[in-house]
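In what follows, one protein chain appears twice in different forms, each by itself as C-alpha coordinates: structure 1 and structure 2.
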Structure 1
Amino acid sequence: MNTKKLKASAIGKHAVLIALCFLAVFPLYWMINTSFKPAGEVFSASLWPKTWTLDNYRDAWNAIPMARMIGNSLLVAIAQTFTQLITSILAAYAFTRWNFRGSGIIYGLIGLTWLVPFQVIMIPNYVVISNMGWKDTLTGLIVPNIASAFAVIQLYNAFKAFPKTLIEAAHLDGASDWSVLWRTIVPNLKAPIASIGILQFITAWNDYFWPLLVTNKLENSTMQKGLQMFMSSEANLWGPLMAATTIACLPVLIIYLLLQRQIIDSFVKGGLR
(Lines of atoms letter the chains of each structure in order from A and count residues from 1; the text may use other names and numbers.)
(Lines give C-alpha, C1' and ligand atoms only; values in the text may rest on other atoms or scores of the structure.)
Protein backbone atom coordinates (compact mmCIF):
# COMPACT_ATOMS: atom_id res chain seq x y z
CA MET A 1 0.00 0.00 0.00
CA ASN A 2 2.63 2.45 1.12
CA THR A 3 5.10 1.65 -1.67
CA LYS A 4 2.35 1.96 -4.24
CA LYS A 5 1.47 5.40 -2.94
CA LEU A 6 5.15 6.34 -2.98
CA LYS A 7 5.51 5.20 -6.56
CA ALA A 8 2.45 7.12 -7.68
CA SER A 9 3.74 10.30 -6.11
CA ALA A 10 7.14 9.82 -7.77
CA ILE A 11 5.43 9.44 -11.14
CA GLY A 12 3.48 12.60 -10.44
CA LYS A 13 6.66 14.48 -9.64
CA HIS A 14 8.38 13.33 -12.80
CA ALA A 15 5.30 14.22 -14.83
CA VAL A 16 5.30 17.79 -13.50
CA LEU A 17 9.00 18.20 -14.21
CA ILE A 18 8.74 16.69 -17.68
CA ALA A 19 5.89 19.06 -18.48
CA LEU A 20 8.00 21.98 -17.32
CA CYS A 21 10.98 20.78 -19.36
CA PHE A 22 8.76 20.43 -22.41
CA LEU A 23 7.50 23.98 -21.99
CA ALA A 24 11.05 25.26 -21.60
CA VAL A 25 12.67 23.41 -24.47
CA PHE A 26 9.91 23.14 -27.05
CA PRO A 27 10.46 26.62 -28.57
CA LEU A 28 14.16 25.86 -29.00
CA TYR A 29 13.37 22.53 -30.60
CA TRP A 30 10.76 24.07 -32.88
CA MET A 31 13.21 26.76 -33.94
CA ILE A 32 15.87 24.23 -34.94
CA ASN A 33 13.31 21.93 -36.52
CA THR A 34 11.87 24.72 -38.70
CA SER A 35 15.31 26.00 -39.66
CA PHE A 36 16.15 22.71 -41.41
CA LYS A 37 12.86 22.32 -43.27
CA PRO A 38 12.68 23.14 -46.98
CA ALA A 39 10.32 25.97 -48.00
CA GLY A 40 7.51 23.59 -48.96
CA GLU A 41 7.57 21.90 -45.59
CA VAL A 42 7.87 24.87 -43.23
CA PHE A 43 4.13 25.20 -42.71
CA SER A 44 3.58 21.55 -41.94
CA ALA A 45 3.42 20.55 -38.33
CA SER A 46 5.79 17.61 -38.75
CA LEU A 47 8.04 17.08 -35.76
CA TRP A 48 11.04 16.33 -37.94
CA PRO A 49 12.10 17.64 -41.39
CA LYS A 50 11.30 14.98 -44.00
CA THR A 51 14.12 16.29 -46.13
CA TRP A 52 16.89 18.19 -44.44
CA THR A 53 18.14 21.36 -46.06
CA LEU A 54 20.63 24.12 -45.34
CA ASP A 55 18.90 26.53 -47.76
CA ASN A 56 17.43 28.55 -44.90
CA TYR A 57 20.86 29.12 -43.44
CA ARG A 58 22.24 30.15 -46.82
CA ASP A 59 19.34 32.56 -47.40
CA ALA A 60 19.66 34.10 -43.96
CA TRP A 61 23.42 34.38 -44.34
CA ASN A 62 23.01 36.26 -47.63
CA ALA A 63 20.12 38.47 -46.53
CA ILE A 64 22.01 40.30 -43.78
CA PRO A 65 25.75 40.88 -43.19
CA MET A 66 25.79 37.91 -40.83
CA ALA A 67 29.54 37.36 -40.59
CA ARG A 68 30.17 41.01 -39.74
CA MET A 69 27.47 41.04 -37.09
CA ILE A 70 28.63 37.79 -35.48
CA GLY A 71 32.16 39.20 -35.43
CA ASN A 72 30.91 42.43 -33.85
CA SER A 73 28.86 40.56 -31.26
CA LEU A 74 31.80 38.34 -30.34
CA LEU A 75 34.19 41.27 -30.13
CA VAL A 76 31.82 43.34 -27.99
CA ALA A 77 30.92 40.45 -25.70
CA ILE A 78 34.54 39.36 -25.21
CA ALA A 79 35.77 42.91 -24.63
CA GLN A 80 33.00 43.60 -22.12
CA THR A 81 33.56 40.35 -20.27
CA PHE A 82 37.30 40.91 -20.08
CA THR A 83 37.14 44.52 -18.88
CA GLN A 84 34.33 43.78 -16.44
CA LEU A 85 36.31 40.94 -14.93
CA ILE A 86 39.45 43.06 -14.52
CA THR A 87 37.69 46.07 -13.01
CA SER A 88 35.66 43.83 -10.70
CA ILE A 89 38.69 41.81 -9.58
CA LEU A 90 40.43 45.03 -8.58
CA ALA A 91 37.37 46.29 -6.73
CA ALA A 92 36.64 43.00 -4.97
CA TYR A 93 40.28 42.88 -3.85
CA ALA A 94 40.08 46.39 -2.41
CA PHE A 95 36.95 45.52 -0.44
CA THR A 96 38.31 42.29 1.00
CA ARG A 97 41.96 43.24 1.53
CA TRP A 98 41.68 46.51 3.40
CA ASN A 99 39.43 48.27 5.88
CA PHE A 100 39.18 51.82 4.67
CA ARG A 101 37.02 54.85 5.22
CA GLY A 102 33.84 54.78 3.16
CA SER A 103 34.15 51.18 2.00
CA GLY A 104 30.63 50.36 3.16
CA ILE A 105 29.15 53.38 1.41
CA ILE A 106 31.07 52.76 -1.81
CA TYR A 107 30.00 49.12 -1.82
CA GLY A 108 26.41 50.15 -1.23
CA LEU A 109 26.52 52.69 -4.06
CA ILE A 110 27.94 50.09 -6.43
CA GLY A 111 25.22 47.62 -5.42
CA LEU A 112 22.48 50.21 -5.85
CA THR A 113 23.34 50.86 -9.50
CA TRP A 114 21.59 47.59 -10.10
CA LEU A 115 18.33 49.29 -9.19
CA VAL A 116 18.57 51.86 -11.96
CA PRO A 117 16.57 50.70 -15.00
CA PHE A 118 18.22 51.14 -18.37
CA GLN A 119 15.37 53.28 -19.66
CA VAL A 120 15.87 55.83 -16.89
CA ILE A 121 19.44 56.65 -17.89
CA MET A 122 19.39 55.94 -21.62
CA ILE A 123 18.88 59.50 -22.89
CA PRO A 124 21.85 61.17 -21.16
CA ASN A 125 24.08 58.24 -22.09
CA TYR A 126 22.93 58.38 -25.67
CA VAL A 127 23.74 62.10 -25.75
CA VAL A 128 27.25 61.48 -24.43
CA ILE A 129 27.89 58.75 -26.98
CA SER A 130 26.77 60.89 -29.89
CA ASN A 131 28.74 63.91 -28.63
CA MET A 132 31.86 61.79 -28.50
CA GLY A 133 31.28 60.64 -32.06
CA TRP A 134 30.94 57.05 -30.91
CA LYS A 135 27.59 56.40 -32.57
CA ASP A 136 27.73 53.41 -34.88
CA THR A 137 31.05 52.25 -33.43
CA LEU A 138 32.01 49.25 -31.35
CA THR A 139 33.70 51.62 -28.89
CA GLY A 140 30.29 53.13 -28.20
CA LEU A 141 28.94 49.66 -27.48
CA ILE A 142 31.80 48.55 -25.24
CA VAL A 143 32.92 51.57 -23.19
CA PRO A 144 29.70 52.17 -21.19
CA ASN A 145 29.83 48.56 -20.05
CA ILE A 146 33.37 48.14 -18.74
CA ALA A 147 32.18 47.81 -15.14
CA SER A 148 29.40 45.66 -13.76
CA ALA A 149 27.93 45.91 -10.29
CA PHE A 150 26.81 42.30 -10.53
CA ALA A 151 30.35 41.10 -11.21
CA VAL A 152 31.73 43.19 -8.33
CA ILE A 153 29.22 41.72 -5.87
CA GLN A 154 29.73 38.15 -7.07
CA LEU A 155 33.51 38.42 -7.00
CA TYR A 156 33.40 40.12 -3.61
CA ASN A 157 31.62 37.05 -2.25
CA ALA A 158 34.18 34.74 -3.84
CA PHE A 159 37.12 36.81 -2.54
CA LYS A 160 35.64 36.97 0.96
CA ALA A 161 35.81 33.19 1.20
CA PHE A 162 39.50 33.16 0.25
CA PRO A 163 41.63 32.08 3.25
CA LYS A 164 43.39 35.06 4.85
CA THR A 165 46.32 32.89 5.97
CA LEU A 166 47.40 32.31 2.36
CA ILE A 167 47.49 36.05 1.77
CA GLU A 168 49.48 36.59 4.97
CA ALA A 169 51.91 33.85 3.97
CA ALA A 170 52.49 35.42 0.56
CA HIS A 171 52.96 38.75 2.29
CA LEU A 172 55.61 37.35 4.62
CA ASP A 173 57.46 36.07 1.55
CA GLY A 174 57.77 39.70 0.53
CA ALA A 175 55.06 39.79 -2.13
CA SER A 176 53.48 43.16 -2.85
CA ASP A 177 49.72 43.70 -2.70
CA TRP A 178 49.59 43.67 -6.48
CA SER A 179 51.36 40.33 -6.82
CA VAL A 180 49.36 38.81 -3.97
CA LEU A 181 46.27 39.56 -6.03
CA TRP A 182 47.50 38.22 -9.37
CA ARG A 183 49.83 35.46 -8.19
CA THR A 184 48.02 34.13 -5.12
CA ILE A 185 44.33 34.98 -5.22
CA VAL A 186 43.36 34.99 -8.91
CA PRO A 187 44.99 31.64 -9.81
CA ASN A 188 43.22 30.02 -6.87
CA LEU A 189 39.84 31.51 -7.73
CA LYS A 190 39.94 30.62 -11.43
CA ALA A 191 36.69 28.64 -11.24
CA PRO A 192 34.40 31.32 -9.76
CA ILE A 193 36.03 34.02 -11.90
CA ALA A 194 35.46 31.93 -15.02
CA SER A 195 31.82 31.26 -14.22
CA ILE A 196 31.14 34.93 -13.56
CA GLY A 197 32.89 35.67 -16.85
CA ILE A 198 30.61 33.23 -18.66
CA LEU A 199 27.52 34.92 -17.22
CA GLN A 200 28.82 38.31 -18.31
CA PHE A 201 29.53 36.97 -21.78
CA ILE A 202 26.01 35.57 -22.12
CA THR A 203 24.51 38.85 -20.88
CA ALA A 204 26.63 40.86 -23.29
CA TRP A 205 25.89 38.60 -26.25
CA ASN A 206 22.16 38.77 -25.56
CA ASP A 207 22.07 42.54 -25.06
CA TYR A 208 19.74 44.32 -27.39
CA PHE A 209 18.74 47.81 -26.15
CA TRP A 210 22.09 49.49 -26.25
CA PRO A 211 23.02 48.31 -29.78
CA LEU A 212 19.52 49.31 -30.83
CA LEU A 213 20.22 52.88 -29.71
CA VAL A 214 23.87 53.30 -30.57
CA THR A 215 24.17 51.64 -33.98
CA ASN A 216 22.45 52.45 -37.25
CA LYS A 217 24.08 50.41 -39.98
CA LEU A 218 23.74 46.66 -39.80
CA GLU A 219 27.45 46.19 -40.58
CA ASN A 220 28.28 48.04 -37.36
CA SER A 221 25.70 46.33 -35.24
CA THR A 222 25.41 43.15 -33.26
CA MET A 223 23.66 39.89 -34.01
CA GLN A 224 20.64 40.64 -31.80
CA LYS A 225 19.83 43.89 -33.55
CA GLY A 226 20.43 42.25 -36.92
CA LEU A 227 17.98 39.54 -36.02
CA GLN A 228 15.35 42.08 -35.06
CA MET A 229 15.89 43.95 -38.36
CA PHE A 230 15.61 40.72 -40.28
CA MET A 231 12.43 39.87 -38.43
CA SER A 232 10.73 43.17 -39.25
CA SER A 233 11.84 43.28 -42.89
CA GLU A 234 11.25 39.66 -43.95
CA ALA A 235 8.00 39.12 -42.13
CA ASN A 236 6.99 35.75 -43.52
CA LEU A 237 10.21 33.95 -44.39
CA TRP A 238 9.89 31.66 -41.41
CA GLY A 239 12.55 29.15 -42.49
CA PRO A 240 15.35 31.71 -42.93
CA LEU A 241 14.16 33.60 -39.86
CA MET A 242 14.44 30.49 -37.69
CA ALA A 243 17.86 29.82 -39.22
CA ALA A 244 18.98 33.36 -38.33
CA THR A 245 17.55 32.93 -34.84
CA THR A 246 19.42 29.66 -34.42
CA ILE A 247 22.65 31.35 -35.44
CA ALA A 248 21.97 34.18 -32.98
CA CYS A 249 21.57 31.62 -30.18
CA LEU A 250 24.41 29.34 -31.21
CA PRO A 251 27.41 30.63 -29.23
CA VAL A 252 25.42 30.77 -26.00
CA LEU A 253 23.92 27.33 -26.64
CA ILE A 254 27.34 25.81 -27.28
CA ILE A 255 28.69 27.32 -24.06
CA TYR A 256 25.61 26.08 -22.24
CA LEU A 257 26.00 22.54 -23.60
CA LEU A 258 29.57 22.41 -22.35
CA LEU A 259 29.17 24.14 -19.01
CA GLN A 260 25.53 24.00 -18.00
CA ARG A 261 26.15 22.98 -14.43
CA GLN A 262 28.49 25.89 -13.68
CA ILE A 263 26.19 28.31 -15.48
CA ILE A 264 23.11 27.22 -13.53
CA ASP A 265 25.00 27.25 -10.26
CA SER A 266 26.34 30.74 -10.72
CA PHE A 267 22.99 32.11 -11.90
CA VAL A 268 21.22 30.59 -8.93
CA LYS A 269 23.92 31.72 -6.53
CA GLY A 270 23.62 35.22 -7.91
CA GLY A 271 19.99 35.10 -6.89
CA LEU A 272 20.68 33.74 -3.45
CA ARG A 273 23.45 34.86 -1.17
Structure 2
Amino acid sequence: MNTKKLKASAIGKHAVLIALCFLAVFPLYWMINTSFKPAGEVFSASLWPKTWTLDNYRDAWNAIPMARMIGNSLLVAIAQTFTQLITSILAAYAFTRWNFRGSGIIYGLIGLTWLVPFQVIMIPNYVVISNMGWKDTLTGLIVPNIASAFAVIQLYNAFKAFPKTLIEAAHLDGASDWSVLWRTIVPNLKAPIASIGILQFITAWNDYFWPLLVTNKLENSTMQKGLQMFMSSEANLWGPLMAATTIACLPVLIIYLLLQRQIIDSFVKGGLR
Protein backbone atom coordinates (compact mmCIF):
# COMPACT_ATOMS: atom_id res chain seq x y z
CA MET A 1 0.00 0.00 0.00
CA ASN A 2 2.80 2.39 0.85
CA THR A 3 4.45 1.73 -2.49
CA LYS A 4 1.18 2.40 -4.32
CA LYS A 5 0.67 5.62 -2.37
CA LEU A 6 4.20 6.75 -3.20
CA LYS A 7 3.66 6.00 -6.89
CA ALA A 8 0.34 7.85 -6.89
CA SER A 9 1.97 10.81 -5.13
CA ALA A 10 4.84 10.84 -7.65
CA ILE A 11 2.40 10.67 -10.57
CA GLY A 12 0.40 13.57 -9.12
CA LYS A 13 3.51 15.69 -8.64
CA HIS A 14 4.72 15.00 -12.17
CA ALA A 15 1.26 15.82 -13.55
CA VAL A 16 1.35 19.19 -11.79
CA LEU A 17 4.86 19.89 -13.09
CA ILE A 18 3.83 18.97 -16.64
CA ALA A 19 0.82 21.27 -16.41
CA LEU A 20 2.94 24.15 -15.15
CA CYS A 21 5.52 23.57 -17.89
CA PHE A 22 2.75 23.59 -20.48
CA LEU A 23 1.39 26.89 -19.16
CA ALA A 24 4.89 28.40 -19.33
CA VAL A 25 5.92 27.05 -22.74
CA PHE A 26 2.67 27.19 -24.73
CA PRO A 27 2.56 31.03 -25.05
CA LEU A 28 6.10 30.93 -26.49
CA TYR A 29 5.10 28.19 -28.91
CA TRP A 30 2.01 30.16 -29.97
CA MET A 31 4.14 33.28 -30.54
CA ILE A 32 6.57 31.42 -32.79
CA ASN A 33 3.74 29.56 -34.51
CA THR A 34 1.90 32.80 -35.30
CA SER A 35 5.05 34.47 -36.60
CA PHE A 36 5.19 31.96 -39.48
CA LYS A 37 1.51 32.25 -40.42
CA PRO A 38 0.32 34.39 -43.34
CA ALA A 39 -2.05 37.24 -42.57
CA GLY A 40 -5.13 35.17 -43.36
CA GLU A 41 -4.25 32.49 -40.79
CA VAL A 42 -3.16 34.67 -37.86
CA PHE A 43 -6.51 34.34 -36.07
CA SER A 44 -6.94 30.63 -36.81
CA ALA A 45 -6.75 28.21 -33.90
CA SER A 46 -4.52 25.75 -35.76
CA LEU A 47 -1.50 24.53 -33.82
CA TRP A 48 0.56 24.37 -36.99
CA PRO A 49 0.70 26.83 -39.91
CA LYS A 50 -1.04 25.50 -43.01
CA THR A 51 1.19 27.72 -45.13
CA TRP A 52 4.65 28.67 -43.87
CA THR A 53 5.88 32.16 -44.68
CA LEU A 54 8.73 34.49 -43.70
CA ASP A 55 6.82 37.61 -44.74
CA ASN A 56 6.19 38.61 -41.14
CA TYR A 57 9.91 38.57 -40.36
CA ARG A 58 10.71 40.57 -43.48
CA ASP A 59 7.98 43.12 -42.73
CA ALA A 60 9.08 43.45 -39.10
CA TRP A 61 12.74 43.89 -40.08
CA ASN A 62 11.88 46.58 -42.62
CA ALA A 63 9.36 48.40 -40.40
CA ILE A 64 11.82 49.36 -37.66
CA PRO A 65 15.65 49.60 -37.39
CA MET A 66 15.71 46.23 -35.67
CA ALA A 67 19.45 45.56 -35.84
CA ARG A 68 20.23 48.96 -34.32
CA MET A 69 17.61 48.52 -31.59
CA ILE A 70 18.83 45.03 -30.66
CA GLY A 71 22.36 46.44 -30.39
CA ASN A 72 21.07 49.25 -28.18
CA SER A 73 19.25 46.76 -25.95
CA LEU A 74 22.38 44.64 -25.57
CA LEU A 75 24.54 47.67 -24.79
CA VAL A 76 22.08 49.05 -22.24
CA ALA A 77 21.49 45.67 -20.57
CA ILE A 78 25.21 44.83 -20.35
CA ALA A 79 26.15 48.31 -19.08
CA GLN A 80 23.40 48.34 -16.46
CA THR A 81 24.23 44.83 -15.26
CA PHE A 82 27.96 45.56 -15.01
CA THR A 83 27.55 48.86 -13.15
CA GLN A 84 24.90 47.45 -10.83
CA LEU A 85 27.15 44.54 -9.89
CA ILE A 86 30.13 46.82 -9.26
CA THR A 87 28.18 49.29 -7.10
CA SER A 88 26.41 46.47 -5.25
CA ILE A 89 29.63 44.60 -4.49
CA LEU A 90 31.27 47.74 -3.12
CA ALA A 91 28.20 48.67 -1.06
CA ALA A 92 27.73 45.16 0.34
CA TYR A 93 31.40 44.95 1.33
CA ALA A 94 31.22 48.33 3.06
CA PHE A 95 28.11 47.40 5.04
CA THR A 96 29.48 44.03 6.16
CA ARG A 97 33.09 44.97 6.93
CA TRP A 98 33.00 48.53 8.27
CA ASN A 99 31.01 49.60 11.31
CA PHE A 100 30.40 53.29 10.73
CA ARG A 101 27.84 55.61 12.25
CA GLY A 102 24.50 55.52 10.48
CA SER A 103 25.24 52.35 8.51
CA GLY A 104 21.99 50.73 9.67
CA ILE A 105 19.97 53.79 8.67
CA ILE A 106 21.60 53.95 5.25
CA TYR A 107 21.02 50.25 4.67
CA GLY A 108 17.39 50.65 5.73
CA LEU A 109 16.93 53.55 3.32
CA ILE A 110 18.36 51.43 0.51
CA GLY A 111 15.88 48.71 1.41
CA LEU A 112 13.02 51.23 1.34
CA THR A 113 13.99 52.39 -2.16
CA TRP A 114 13.54 48.80 -3.31
CA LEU A 115 9.90 48.98 -2.20
CA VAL A 116 9.28 52.10 -4.30
CA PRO A 117 8.28 51.23 -7.90
CA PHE A 118 10.51 52.77 -10.53
CA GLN A 119 7.44 54.33 -12.16
CA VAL A 120 7.10 56.60 -9.10
CA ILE A 121 10.49 58.23 -9.70
CA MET A 122 10.38 58.19 -13.49
CA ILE A 123 9.30 61.82 -13.81
CA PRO A 124 11.98 63.23 -11.43
CA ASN A 125 14.60 61.15 -13.25
CA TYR A 126 13.28 62.40 -16.58
CA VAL A 127 13.63 66.02 -15.45
CA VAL A 128 17.22 65.42 -14.32
CA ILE A 129 18.12 63.60 -17.54
CA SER A 130 16.60 66.40 -19.64
CA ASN A 131 18.49 69.10 -17.73
CA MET A 132 21.76 67.22 -18.25
CA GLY A 133 21.14 66.95 -21.99
CA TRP A 134 20.91 63.16 -21.97
CA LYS A 135 17.39 62.89 -23.36
CA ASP A 136 17.09 60.59 -26.36
CA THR A 137 20.52 59.03 -25.66
CA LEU A 138 21.72 55.67 -24.43
CA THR A 139 23.46 57.47 -21.56
CA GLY A 140 20.07 58.65 -20.35
CA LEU A 141 18.85 55.06 -20.36
CA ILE A 142 21.83 53.68 -18.43
CA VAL A 143 22.80 56.25 -15.80
CA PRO A 144 19.58 56.21 -13.68
CA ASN A 145 19.96 52.43 -13.36
CA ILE A 146 23.63 52.07 -12.42
CA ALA A 147 22.68 51.04 -8.87
CA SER A 148 20.17 48.44 -7.69
CA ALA A 149 18.78 48.17 -4.16
CA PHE A 150 17.78 44.56 -4.85
CA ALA A 151 21.35 43.61 -5.77
CA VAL A 152 22.76 45.40 -2.71
CA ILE A 153 20.40 43.55 -0.36
CA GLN A 154 21.09 40.15 -1.92
CA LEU A 155 24.87 40.59 -1.95
CA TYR A 156 24.79 41.96 1.60
CA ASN A 157 23.35 38.64 2.76
CA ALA A 158 25.98 36.70 0.78
CA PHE A 159 28.85 38.85 2.07
CA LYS A 160 27.58 38.63 5.63
CA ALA A 161 27.65 34.82 5.47
CA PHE A 162 31.22 34.77 4.14
CA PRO A 163 33.67 33.26 6.73
CA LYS A 164 35.41 36.06 8.60
CA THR A 165 38.38 33.83 9.32
CA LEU A 166 39.37 33.89 5.64
CA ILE A 167 39.24 37.68 5.61
CA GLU A 168 41.31 37.92 8.78
CA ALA A 169 43.84 35.45 7.36
CA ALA A 170 44.16 37.57 4.22
CA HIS A 171 44.72 40.70 6.33
CA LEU A 172 47.42 38.89 8.32
CA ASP A 173 49.18 38.15 5.03
CA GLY A 174 49.29 41.89 4.37
CA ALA A 175 46.38 42.13 1.94
CA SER A 176 44.51 45.43 1.74
CA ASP A 177 40.72 45.75 1.83
CA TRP A 178 40.68 46.18 -1.94
CA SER A 179 42.76 43.02 -2.41
CA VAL A 180 40.63 41.05 0.07
CA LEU A 181 37.48 42.06 -1.79
CA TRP A 182 38.56 41.17 -5.31
CA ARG A 183 40.98 38.30 -4.63
CA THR A 184 39.35 36.54 -1.70
CA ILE A 185 35.63 37.32 -1.43
CA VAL A 186 34.46 37.83 -5.01
CA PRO A 187 36.09 34.64 -6.44
CA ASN A 188 34.38 32.60 -3.72
CA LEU A 189 30.98 34.21 -4.29
CA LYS A 190 30.75 33.75 -8.04
CA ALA A 191 27.47 31.82 -7.78
CA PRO A 192 25.35 34.49 -6.03
CA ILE A 193 26.98 37.26 -8.07
CA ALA A 194 26.22 35.39 -11.31
CA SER A 195 22.63 34.74 -10.20
CA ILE A 196 22.03 38.42 -9.51
CA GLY A 197 23.75 39.41 -12.74
CA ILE A 198 21.44 37.15 -14.75
CA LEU A 199 18.33 38.57 -13.09
CA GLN A 200 19.52 42.15 -13.59
CA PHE A 201 20.36 41.53 -17.26
CA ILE A 202 16.90 40.11 -17.95
CA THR A 203 15.27 43.01 -16.10
CA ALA A 204 17.25 45.57 -18.11
CA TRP A 205 16.55 43.75 -21.38
CA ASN A 206 12.79 43.72 -20.74
CA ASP A 207 12.55 47.34 -19.56
CA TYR A 208 9.91 49.26 -21.50
CA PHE A 209 8.60 52.29 -19.59
CA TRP A 210 11.90 54.16 -19.18
CA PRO A 211 12.99 53.89 -22.85
CA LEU A 212 9.46 54.90 -23.86
CA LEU A 213 9.74 58.07 -21.76
CA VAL A 214 13.33 59.06 -22.51
CA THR A 215 13.81 58.27 -26.20
CA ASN A 216 11.98 59.68 -29.21
CA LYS A 217 13.91 58.26 -32.15
CA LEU A 218 13.77 54.53 -32.72
CA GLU A 219 17.49 54.57 -33.62
CA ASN A 220 18.27 55.64 -30.04
CA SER A 221 15.81 53.32 -28.31
CA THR A 222 15.69 49.67 -27.33
CA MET A 223 13.94 46.69 -28.85
CA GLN A 224 11.10 46.71 -26.33
CA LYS A 225 9.94 50.12 -27.54
CA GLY A 226 10.18 48.93 -31.14
CA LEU A 227 7.61 46.23 -30.44
CA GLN A 228 5.09 48.90 -29.56
CA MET A 229 5.30 50.27 -33.10
CA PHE A 230 3.25 47.30 -34.34
CA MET A 231 0.33 48.19 -32.07
CA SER A 232 -2.05 51.10 -32.55
CA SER A 233 -5.60 52.15 -31.75
CA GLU A 234 -6.65 51.32 -35.31
CA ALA A 235 -5.18 47.86 -35.73
CA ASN A 236 -2.50 45.53 -34.44
CA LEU A 237 -0.09 43.89 -36.87
CA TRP A 238 -0.08 40.55 -35.10
CA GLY A 239 2.06 38.69 -37.60
CA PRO A 240 4.97 41.17 -37.69
CA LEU A 241 4.55 41.75 -33.95
CA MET A 242 4.98 38.06 -33.18
CA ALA A 243 7.96 37.90 -35.54
CA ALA A 244 9.61 40.93 -33.93
CA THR A 245 8.93 39.51 -30.46
CA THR A 246 10.50 36.21 -31.45
CA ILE A 247 13.61 38.02 -32.66
CA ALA A 248 13.69 40.05 -29.42
CA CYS A 249 13.68 36.81 -27.41
CA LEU A 250 16.56 35.26 -29.34
CA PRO A 251 19.51 37.00 -27.59
CA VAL A 252 18.36 35.95 -24.12
CA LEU A 253 17.54 32.45 -25.39
CA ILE A 254 20.97 32.09 -27.02
CA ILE A 255 22.71 33.27 -23.84
CA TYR A 256 20.74 30.71 -21.84
CA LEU A 257 21.53 27.86 -24.25
CA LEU A 258 25.25 28.72 -24.23
CA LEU A 259 25.46 29.13 -20.45
CA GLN A 260 22.71 26.73 -19.40
CA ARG A 261 24.84 24.68 -17.01
CA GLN A 262 26.47 27.74 -15.45
CA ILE A 263 23.12 29.47 -15.01
CA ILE A 264 21.52 26.48 -13.30
CA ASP A 265 24.57 25.96 -11.08
CA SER A 266 24.63 29.62 -10.10
CA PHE A 267 21.00 29.55 -8.94
CA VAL A 268 21.37 26.19 -7.16
CA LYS A 269 24.64 27.03 -5.44
CA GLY A 270 23.95 30.72 -5.03
CA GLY A 271 20.71 30.16 -3.16
CA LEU A 272 19.20 33.62 -3.57
CA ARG A 273 17.75 34.53 -0.19
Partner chain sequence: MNYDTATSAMPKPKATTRPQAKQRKAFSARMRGVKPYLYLLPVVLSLGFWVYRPLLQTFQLSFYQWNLLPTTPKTYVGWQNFKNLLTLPEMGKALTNTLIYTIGVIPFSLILPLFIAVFTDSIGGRARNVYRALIFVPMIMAPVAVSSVWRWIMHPTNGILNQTLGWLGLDEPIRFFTDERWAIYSITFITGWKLIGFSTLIFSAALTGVNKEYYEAAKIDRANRWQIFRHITLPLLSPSILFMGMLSILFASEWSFSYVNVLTQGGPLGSTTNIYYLLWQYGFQTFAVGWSSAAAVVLFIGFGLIALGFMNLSKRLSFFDD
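Every value quoted in this text rests on a predicted model; they were computed, and no experiment measured them. For clarity, a rigid core is taken as the largest C-alpha set superposing within 1.5 Å between two forms. Just so we're on the same page, residue numbers count up from 1 along structure 1's sequence.
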Since only one of the two is the form predicted on its own, can you say which one? 2
Core-aligned C-alpha movement of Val42 between the two structures reaching 2 Å: yes
Superposed on the rigid core, does the Cα of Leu218 end up 2 angstroms or more away between the two structures? no
Rigid core aligned, does the Cα position of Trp178 differ by 2 Å or more between the two structures? no
How many Å does the Cα of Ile255 travel between the two structures when the structures are matched on their rigid core? 4.0
